[in-house]
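In the form predicted on its own, a lone chain appears below as structure tokens.
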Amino acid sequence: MESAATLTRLVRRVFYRLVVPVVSIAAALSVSGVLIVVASGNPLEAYGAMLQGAAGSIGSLATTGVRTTPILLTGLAVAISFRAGVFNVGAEGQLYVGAAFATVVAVAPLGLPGFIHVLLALLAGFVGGALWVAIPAYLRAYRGVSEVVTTLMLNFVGIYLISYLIDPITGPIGERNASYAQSALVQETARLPVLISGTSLHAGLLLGIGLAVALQILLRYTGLGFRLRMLGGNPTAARFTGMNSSRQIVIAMLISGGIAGLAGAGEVIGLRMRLYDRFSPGYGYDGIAVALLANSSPLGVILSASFFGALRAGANAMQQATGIETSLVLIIQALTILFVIFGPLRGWVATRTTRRAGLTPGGSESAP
């Protein structure tokens, strides 16, 4: 009986993490297909054009990788906070502040070898993002103030702060007499290497993948990871074990903010080579959706971020081929998340998959 119960939990865990996202994506594409038909379009043609634009050539795959990179990092940032039971929805602001910190280091003619200069710029980005979430972390851990409110409000502060910093007239790191709010170009030694010649795909993608693997190992096989998972899974039990919950909350949020700052740093020293005003189209908010789709699994974030990146990369090709607006991509993203959190769908998937395995669903046990 014990082995059967263990197998039941394993099956539920695997299928909740794999089948629910896949079914949710399929349902979102189906509903979006109906909308395309209503608009007198052909869903197969639209999705085919989108797929071609996202993966039809080396250049398309590179574009998908570029679109995936910042979403992957912000998704990891949100996922690690979710696993600890805190809700950092301020990755957008942390991304901007991390980008500013990285820019200060990257534009400075330090005379360092490229490898060292790049590492310093990335470290600065991490520190910037972590510092920006430090106040919400303290307020949440020691004053009981909702981190949802504080991190969300600081998004706007961070965005407008960067607008001030790179103002071409008064900004301390703005490029003087420029026609647009921007910083100076980063030094050659501070630029992330390009992975595929002739494209914009840079090593930030490898950084994101490596970080996802590292976070998965941290959560599953280290004492810190166990404490974060316990805090997120059962905070009451965590307190009874004598765990310093406040400290763990601060640690989780600092790691989360730092990773979001890395996303901003990667955009500056890997893609744009300078800090621009409003350079992010909402990567921090996309990270929330990516983490939800991946059920806050670091390895799952790689897949969900790739899906979102492919949607963004293929949107223009779809519009050019079929005339369908690129805003359809946002509809697909929203519907996917809606289906992911749709309770009846999750229950249906759990029931079907455990029955196919010849098992009885585990009663009232909820999926991880």
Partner chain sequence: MPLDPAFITDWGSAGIRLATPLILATVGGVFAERSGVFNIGIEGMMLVGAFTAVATSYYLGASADPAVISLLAAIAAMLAGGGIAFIHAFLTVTRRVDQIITGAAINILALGLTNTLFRAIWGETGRERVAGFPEVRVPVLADIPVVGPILFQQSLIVFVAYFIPIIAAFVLFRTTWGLTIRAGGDFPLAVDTAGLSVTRVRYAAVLFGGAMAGLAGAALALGAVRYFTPGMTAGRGFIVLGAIVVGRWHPMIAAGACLLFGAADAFQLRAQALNLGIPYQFFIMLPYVLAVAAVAGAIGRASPPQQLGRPYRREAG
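Residue numbers count along the first chain shown, from 1. The shown structure was predicted, so the numbers you read here are calculated from the model rather than taken from an experiment.
Just so it is clear, the following notes concern the form predicted together with its partner chain, a form of the same protein that is not shown.
Contact annotation: of the candidates Ala203, Ala124, Leu154, Met273, the single residue with a non-hydrogen atom within 4.5 angstroms of its partner chain in the predicted bound form is Leu154. For the options Ala130, Leu211, Ile249, Val89, the residue carrying a heavy atom within 4.5 angstroms of its partner chain in the predicted bound form is Val89. Comment: 158-166 is the region of 158-166, 250-258, 190-198, 114-122 lying near its partner chain in the predicted bound form, near meaning a non-hydrogen atom within 4.5 Å. Not displayed here, its partner chain is kept clear of Leu51 by more than 4.5 Å at the level of heavy atoms in the predicted bound form. Among heavy atoms of Asp286, some come within 4.5 Å of its partner chain in the predicted bound form. Contact between Ser306 and its partner chain in the predicted bound form is not found at the 4.5 Å heavy atom cutoff.
Shown alone here, Ser327 lies within 4.5 Å of its partner chain in the predicted bound form, counting heavy atoms only. In the predicted bound form, Gln319, Glu325, Ser327, Leu328, Leu330, Ile331, Gln333, Ala334, Leu335, Ile337, Leu338 are the residues of 300-339 with at least one heavy atom within 4.5 Å of its partner chain, listed from first to last.
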